[in-house]
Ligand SMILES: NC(=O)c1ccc[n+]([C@@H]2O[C@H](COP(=O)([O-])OP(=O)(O)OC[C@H]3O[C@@H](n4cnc5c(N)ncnc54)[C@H](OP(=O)(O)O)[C@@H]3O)[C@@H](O)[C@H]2O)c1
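Take a look at this single chain in structure tokens; it is the form predicted alone.
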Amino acid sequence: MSLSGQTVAITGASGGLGRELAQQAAQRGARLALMARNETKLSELANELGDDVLVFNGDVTSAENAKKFIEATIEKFGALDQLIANAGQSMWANFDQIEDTELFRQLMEVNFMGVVNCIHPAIDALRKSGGQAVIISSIQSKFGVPAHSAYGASKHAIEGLVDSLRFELANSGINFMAVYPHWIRGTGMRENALGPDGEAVGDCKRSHSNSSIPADVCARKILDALPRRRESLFIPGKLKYLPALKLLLPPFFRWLILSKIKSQK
């Protein structure tokens, strides 16, 4: 589906899913505004994609950085049609093994406040264009899983935020689409996940199971959904049944989740 003429802003664009989203959106004719902390990788990506790209080196945990990114996007392109809040960070540590609960604050800053910081300054521009904010959440916004207490909490917070915004801005013309992916492979999230000591686990990362989704497939499904202006997108679609399974068959649900976690060594 073409994105020709549309301005698409993507956070966390220097690698993983963000990079795939940028590459595929460029192929569909989008005008791109890309934000990430890794200036070198971001510049390399921009050179690959061509001239009609805005590069902004910044951190979504900084409200000032996020505001300047949105302002720079509007200044360069004159509009904002799609804001894809993709930047995020994960973890692998059981709650009782966490050495410092500052880990919770860090993940809330990246995964929750990073979304808040980007959407807030973009509201007027999205209202003007009748655009949409696309939030890359997680199926873990619907239920918690082992070794992801802080990550799941940050994604649950996003769920509450988006629900509220849909009420408050119902007449604004802005669509809020929450994306609920399965594990995504090929993103670098695993090695950058925080361990019990609050540091990235690096080479001690867990392996992906066969049910994980390649980053390029995930990006394609997200971009395909943009014109349909959906409220939610589960990747793969069968994930939408898990919240009902949790409600109707709690013991079986817990067994299923534990078995999936144990399969990732």
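Everything numeric here is computed off the predicted structure, so don't read it as measured data. Residues carry their position along the shown sequence, with the first being 1.
We do not show the form predicted together with the ligand, though everything after this point is about it.
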Contact test in the model of the complex: Gly131 vs the ligand, heavy atoms, 4.5 Å
no
In the model of the complex, is there a heavy atom of the ligand that lies within 4.5 Å of any heavy atom of Met108, even though the partner is absent here?
no
The ligand contact in the model of the complex: Gly15, any heavy atom under 4.5 Å:
yes
Trp92: touches the ligand in the model of the complex, heavy atom cutoff 4.5 angstroms
no
Select from the listed residues Met177, Ile174, Ala125, Ile184 the one whose heavy atoms reach within 4.5 Å of the ligand in the model of the complex.
Ile184
The listed residue (Leu233, Val60, Ala219, Ala30) that reaches within 4.5 Å of the ligand in the model of the complex by any heavy atom is Val60
For the interface check, one of 43 to 51, 30 to 38, 224 to 232, 194 to 202 should have non-hydrogen atoms within 4.5 Å of the ligand in the model of the complex; which one?
30 to 38
Which residues from 71 to 100 come close to the ligand in the model of the complex, meaning a heavy atom within 4.5 Å?
Asn86, Ala87, Gly88
